[in-house]
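Two forms, one chain: they're shown below as structure tokens, one block per form, named structure 1 and structure 2.
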Structure 1
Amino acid sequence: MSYLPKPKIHHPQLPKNTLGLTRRDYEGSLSTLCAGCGHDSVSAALIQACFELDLPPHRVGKLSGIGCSSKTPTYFLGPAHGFNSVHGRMPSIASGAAAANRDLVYIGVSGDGDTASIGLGQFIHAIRRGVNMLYLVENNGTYGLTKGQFSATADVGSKSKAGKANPYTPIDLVQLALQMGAGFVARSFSGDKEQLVPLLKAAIAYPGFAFIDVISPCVTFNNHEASTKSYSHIRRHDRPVMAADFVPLAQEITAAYAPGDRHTVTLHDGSMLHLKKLAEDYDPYDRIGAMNYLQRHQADGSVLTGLLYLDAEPTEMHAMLGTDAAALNSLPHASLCPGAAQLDAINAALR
């Protein structure tokens, strides 16, 4: 497989994740795909997702079959393990690798030709087995490597670059994955990074078979007005089902400590929270004392917990204004509008 290494020089102030790695550490080689290929946007989204998940690159296994899509693993997570299998056989390789080493994170990248035709049986059996992996299809509805023949996901009536209409009903991989029992099923568009990155993060974190069908237009053979897999067609017909984001699973943080004690809690992001429970002899009825106590402990970074102040004789607005004890919407009309005579009497009193 042809590839070009990327320059290793980068800005020293690039943001780092909790592993101390920059986004550059998750990149691969320079892409040799056509300029504007949707697959390169998918690679960029994978790089961002793995960086934000703090995923150690050496704990990732990248797998692919044959096709333009199967070059993608070369373009992300260079330090990860990788295996480029034969056409349509990526799911078997992934199944075997997962069986042998369950500690790795497996990302399988395939295409519509690689999955929906020669690899269809492999695809559905990987779902049946529940292989713990992200199975990603870069779906452009065409065979780009062999000059633009229709693939099995091309919509009926969709036209090739030469103007020929596809007569066959397409295979919908999302519906197939749902029917076969996949636990995580999503579809996205390579040009929608805002949606795709959270989906990738959630799929990688999912403990089971996660499938994402990414519509990824082929700019050379299938990006024209008559194609239903073109940029313009997808942008006109894209209907997100929901606004979603990925929130990593985290365990509840609990704290148990005695009155008067100070307790430090380590939060999920690694920051520290210093709690100080009020002492049993603390007087919650002393407003000035409470203010002094708060400021004194705020200065040393403590977060006071407990009932800080209670006014034993509170004043309430209605009591201060002397309003009716009943709510206005419950008063009869005669009470709310006492009549012109009452208004005349009030006016006369003010003259």
Structure 2
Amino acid sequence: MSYLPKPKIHHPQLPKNTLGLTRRDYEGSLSTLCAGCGHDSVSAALIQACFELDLPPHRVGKLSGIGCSSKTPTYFLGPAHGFNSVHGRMPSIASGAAAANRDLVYIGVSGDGDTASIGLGQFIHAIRRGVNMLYLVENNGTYGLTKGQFSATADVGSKSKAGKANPYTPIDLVQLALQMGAGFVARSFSGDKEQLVPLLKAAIAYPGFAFIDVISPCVTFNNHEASTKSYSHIRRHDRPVMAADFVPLAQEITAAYAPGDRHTVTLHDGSMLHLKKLAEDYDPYDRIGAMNYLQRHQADGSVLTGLLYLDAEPTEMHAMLGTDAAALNSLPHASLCPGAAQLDAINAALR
């Protein structure tokens, strides 16, 4: 049913997760993005993360706006329902979907144009609302799909392919997410699977709004020397501050997690998050400290990556709304409709 379906080849020796599914069961259609586009690496990391999390793929709603990045939900989790909505408005789709059915896992994928320009309002309001989702931005500092215009995350002075310098101050989505109260905030790089996959796992399992800004270079329009969102720039300036690994409740904690400079966070369902400090002076539980730290390091051109902030007790949308524990779309009509006798009473009061 989807675009360029992948041929189904049986590989009996592929490793299986606890659901008996292989990594292939988490794939989608063949990508039609440019060869080498960072977004494809993000798709691959998402496939890996969902596989490792033992997520039933059909219990995921994958949502996006418009852009090359927003095309990617087609390229992972084929058995999940997808929604490629309108430009910048994925957060409202996610809010409504989450309101209707709190039992699914929501993964929203967006671009820097989609989120930082046309969708900025919806982005920050989804955070305020505490929608339980992973909100992932594939950030390449440019509009890929409309061919290379500067996006609002492009660094001031960074050059377009044609050599023009960007005159505007960038919007730092990570700082914005921190300020708006996101409970889980991280930054990573599409080329760093070692860092990205564990972050994705933790973010997907996180019971609140989790934001990951993934620098994902656009090889066609924004991967030249003067671009601050190019592979080479990120490789030179990447400064990981905090690594994370996620252990679901069901999984045994093995000796692989040696003691050392580690913090363990237990989430409300009993799952655990292991954090490893990479920068000694960094505290991921301090929202204001994180903002200061980010701003200080932004000045010298370094790109801080890893888990930047974590609130272990997030407030989620349904808690704020006080909704029923069951998914609203599952409530039988009889429990929603007051019935004829009540209507007669209402009529009587209006006479």
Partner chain sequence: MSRLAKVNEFVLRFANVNGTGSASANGLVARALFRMGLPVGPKNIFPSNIQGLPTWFEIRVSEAGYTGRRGTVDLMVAMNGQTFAQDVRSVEPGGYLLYDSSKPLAPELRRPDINFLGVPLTELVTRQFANPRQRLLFKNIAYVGVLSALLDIEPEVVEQLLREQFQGKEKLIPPNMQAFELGRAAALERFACPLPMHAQRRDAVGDRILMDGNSAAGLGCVYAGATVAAWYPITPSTSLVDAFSAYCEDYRVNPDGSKRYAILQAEDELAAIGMVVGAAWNGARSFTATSGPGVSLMTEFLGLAYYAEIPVVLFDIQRCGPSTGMPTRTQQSDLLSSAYASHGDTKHVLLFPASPKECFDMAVQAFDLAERLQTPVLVMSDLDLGMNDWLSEPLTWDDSYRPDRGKVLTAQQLEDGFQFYRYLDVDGDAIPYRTLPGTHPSKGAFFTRGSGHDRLGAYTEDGDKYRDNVDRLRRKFDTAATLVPDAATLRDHGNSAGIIYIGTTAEVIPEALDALTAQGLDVDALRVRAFPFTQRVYDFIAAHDTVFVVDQNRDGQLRAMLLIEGNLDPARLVSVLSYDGMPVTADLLVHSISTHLEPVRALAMGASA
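The term rigid core refers to the most C-alpha atoms you can superpose between the two forms while keeping them within 1.5 Å. Numbers given to residues start at 1 and step along the sequence of structure 1. Because the structure is a prediction, the values reported are computed rather than measured.
Colleague: Just one question: which structure is the form predicted alone?
Modeller: Comparing the pair, one sees that structure 1 is the form predicted alone and the remaining one is not.
Colleague: Using the rigid core as the reference frame, would you say Leu331 shifts its C-alpha by 2 Å or more between structures 1 and 2?
Modeller: Comparing the forms between structures 1 and 2, which are aligned on their rigid core, Leu331 does shift its C-alpha by 2 Å or more.
Colleague: For Ala35, is the CA shift between structures 1 and 2 at least 2 Å following rigid-core superposition?
Modeller: Where the cores coincide, Ala35 shows only a C-alpha shift between structures 1 and 2 that is less than 2 Å.
Colleague: Is it true that Gln48 shifts between structures 1 and 2 by 2 Å or more at the Cα, once the core is aligned?
Modeller: Result for Gln48: no, shift under 2 Å.
Colleague: Supposing the core is put in the same place in both forms, how far has the CA of Ala243 shifted between structures 1 and 2, in Å?
Modeller: On core superposition, this C-alpha lies 3.3 Å from its counterpart.
Colleague: So if we fit the rigid core, how much does the CA of Ala345 shift between structures 1 and 2, in Å?
Modeller: Once the two forms are fitted on their core, the shift reads 117.5 Å.
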